[in-house]
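Taking the form predicted alone, here's one chain by itself in structure tokens.
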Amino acid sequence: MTLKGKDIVNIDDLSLQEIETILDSARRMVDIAKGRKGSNALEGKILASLFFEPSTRTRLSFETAMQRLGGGVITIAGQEGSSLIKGETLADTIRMADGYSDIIVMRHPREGAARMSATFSENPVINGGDGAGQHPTQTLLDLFTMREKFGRIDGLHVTLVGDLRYGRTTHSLSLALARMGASMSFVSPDIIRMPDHIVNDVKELGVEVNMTNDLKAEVPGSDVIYMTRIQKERFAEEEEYLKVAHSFRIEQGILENAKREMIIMHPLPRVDEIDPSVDFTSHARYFEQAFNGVPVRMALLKLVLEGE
């Protein structure tokens, strides 16, 4: 098995064996990610970091990952920083970046843009998030965070909360969790519930999901609570956003009946859905989760560019 030269657009592009390989490799990368060890594994390689939609964690962790492995980075941050603003097509932009680099990581506001871009690039393309579509590398670091805590994914109960309609992180994650033997609850207002095609795919994998809008009732049975923000930028009308803007919030009081080992995760950024006082509890894992993007993306870059 090798990931060398492979596009990573959808979490289903990866077999379970490939996911496990990435997670195992990520564990070996932690000391390098923290600067305790050095590496020149990707010396001479260049990453094109093309982020046509705002990003903090994904862009910076990919760029950190490449540099920790001795490689170089060229970057576009925002459409206004590229010739797209002049009318150049995305296909032509990808062709140019492909010629300047060895691998492309791209975020784009349009669902399907990453898959299309992969058809125009000779080098591998990694999806850093495409609209309300998928975010496969976020899923990998989420799985890594859970596995580091519990030693397994199989048998865990994960409660996904918030914007499940537009939340690309929850789309990718729910599919991966189902494939790996976890059970799930989906907690959201009706107008931003998990899309039917995701629910159907999860059920076809043999996993029954509990769909509800009662977060408090789900806390006692959860091993992981995966919070997401309500994404204002995805709503066509502000009035619709305001109807659901403050639907769920985790405060210390709601955690009184939680399992002692339960962890709270969040892909970040957060707005007001997790009270800052929760940061100091043993349940909080979202900042560790954000760091885990570095070793996981290091592992992925090395495997895609160099193989094992």
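So that there is no doubt, residue numbering starts at 1 and follows the sequence shown. In this text, all values refer to a predicted model and were calculated from it rather than measured experimentally.
Just so it is clear, the following notes concern the form predicted together with a small molecule, a form of the same protein that is not shown.
(message) residue 49 versus the small molecule, in the model of the complex: is there a non-hydrogen atom within 4.5 Å?
(response) Contact check for residue 49: no, nothing within 4.5 Å of the small molecule in the model of the complex.
(message) So in the model of the complex, is the small molecule close enough to residue 64 to count as touching (4.5 Å, heavy atoms)?
(response) It does not: once the small molecule is placed as it appears in the model of the complex, residue 64 has no heavy atom within 4.5 Å of it.
(message) Can you tell me if residue 55 lies within 4.5 angstroms of the small molecule in the model of the complex, counting non-hydrogen atoms only?
(response) Residue 55: yes, in contact with the small molecule in the model of the complex.
(request) Please run the contact check for residue 138 against the small molecule in the model of the complex: heavy atoms, 4.5 angstroms, yes or no? (result) Close contact exists here: in the model of the complex, residue 138 approaches the small molecule to within 4.5 Å, heavy atoms only.
(message) Please tell me which of 35, 269, 276, 253 lies within 4.5 Å of the small molecule in the model of the complex, judged by heavy atoms.
(response) Among 35, 269, 276, 253, a heavy atom within 4.5 Å of the small molecule in the model of the complex occurs only for 269.
(request) Using a 4.5 Å heavy atom cut-off, indicate which stretch of 56-64, 277-285, 39-47, 257-265 touches the small molecule in the model of the complex. (result) Of the options given, it is 56-64.
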